[in-house]
Structure formats: C-alpha cells, structure tokens
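The chain below stands alone and is given as structure tokens, in the form predicted alone.
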C-alpha cells in the first residue's frame, strides 16, 4: 500500500495517468531516509551554497543578470547536485526551508553587489510545491526587507509544469509577487503545457526557452524553428526571450539572428562561485565576435 501511494503521488506530480513504483523515487528507502536526515542538518550548518551563471544581453553585450543555482557540499559524500536532493525536499516538506535558505543566500549576494555599485538581478528557481504555499509572497517580502534589496533585483523562475499543478492558485500567488515588484520568468518554456490563453494572463516578464531545443538547434531544423517561434511569441506578448543551454558560437550567432534578447550557457560561462563570478564579470569584454547566422526555413506560409 505504501508503494502504491508513492506511485500515485509521482503520477500526480508528473501529470501521468499511470506510473509504476520505482524504488529510486521512494523517500522511505533507507538511503533516501539517510540523505533526508543529512539535508535537515545541511540547512542549518551552511553546507548549501550557490553558484551564479551569468545572463548576457545579446543586444548590448552586457551582463544583465545571474541565475542562482544551489549545490550541497556534503561532509562525506562530497558535492551533491540539486537533482539528487531537491525532489527529496519536495516530497518531504523540506522544500519550504530549502527555498528560504536559497533566497537568503541569493539576496545576501544581491545586496553585496548593490553595495559594490554593480547591482545585478538574481534569479531563483521555484518548485511546484512552492507555488502551493500561499505564504510565499509574505516570505519574499520579509526577506527583501531583511536584506535591504529592491524587489526588482529578484527574479523568480517557475516552470510550466509547476504552474499547471494548480493553475488558479499559482496565478494568484504570482500576481501577488508581481505586485511587490518581483520579476517572474517561465523556465523551460516549450516543454510544458501552458496554453496561450493562460500565458497572456500570467504576470511574467520573460520566457526561458527549454535548453533541449536550444542545444540541438544546429542539428535539428525543427527545433531551430521552435526556438525562433518562441522568441517571436515572446516579443509579440511584450516579453523578453532568454535562451539557456548556449554551448557554441554557432548557436549564439543563430540566436542573435533571431533577435533573442538574452543568452545563458557554457559558451559564455559555467556557473561560478561569487568571487570567481566577480572576476569574470570584471574582465567580461562583451559577446564574442559572432559568425554569420545560418539561414533557416521561413516561418511564413508559402
């Protein structure tokens, strides 16, 4: 019965009709219970830290933001990536304390950059469970005040699938956050189920194109057309278009040719610790010289 319950919750979270029990997703397994206990400790003993990946404007070449990415420096297991512990936090009620910790770290860094005279908008990812927390907007307001950070320097990224868990509740929460002045971004756009009717009513400022489309643009014409379509959709809705997963000069050139607004990826920089980020930013000379953008099939009907 316990295993059937686990399978049911996974099916609901992933919008699946049927899901077979998988021990790897069972938070009651001994290994996962051990990791859960370690995560509780990590939240109070500074084992979690953030890396920052730059976001670069393709029109000006300037660094226009940074995405905060959480990592766990486990005392015995070493570096643990978020895929290994964020689902665990989501399924056990620790996602609230984890999100608070990440927001605290990100806003402390945003405050430091502002005090240095080089303010930068910091993006933090939210999970589906966060969007079900009606107190999240109050928490964000509390932490912005505590750190003395202007609301526009915080961007919250939510995935389409997270919004679709409870669309009405998510929309209301995002509207309250937007009313505070916090920027809202839809992450991994194109891989979820948001309808255009829902999209136009959400208080978002940007669409982040799912990396699976961006990384394969050069080898898959269909994905290149999808990327171009999302960029045009963004602009038609008055939103910025962000491409993540930019791992080569050719992809960057194509995105520039499509009038994409912002790029993020290993070709520009990997996620960096704050001190290394500051050094990289100080020596950033703008977007590298781009080769001509390759021709693509027109989106216009014949």
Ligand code: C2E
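Given the structure is predicted, the values throughout are model-derived calculations rather than measurements. Residue numbers count along the first chain shown, from 1.
If you look for the form predicted in complex with this ligand, you will not find it shown, but the lines that follow are about it.
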Among 263-271, 230-238, 249-257, 36-44, which stretch has residues whose heavy atoms lie within 4.5 Å of this ligand in the model of the complex?
263-271
Give a yes or no on whether each residue among 137, 153 and 203 has a heavy atom within 4.5 Å of this ligand in the model of the complex.
no
Single option in 95, 120, 131, 226 placed near this ligand in the model of the complex, where near means a heavy atom within 4.5 Å:
95
Just to confirm, with a 4.5 Å cut-off on non-hydrogen atoms, which of 217, 163, 126, 207 contacts this ligand in the model of the complex?
126
Can you work out whether residue 65 and this ligand are in contact in the model of the complex, taking contact to mean some heavy atom pair no more than 4.5 Å apart?
no
How about residue 74: is it within 4.5 Å of this ligand in the model of the complex, going by heavy atoms?
no
Would you check, heavy atoms only and a 4.5 Å threshold, whether residue 111 touches this ligand in the model of the complex?
no
Contact with this ligand in the model of the complex for residue 83, defined as at least one heavy atom pair within 4.5 Å: yes or no?
yes
Heavy atom within 4.5 Å of this ligand in the model of the complex: which residues of 46-70 meet that condition, in order?
53, 67, 68, 69, 70
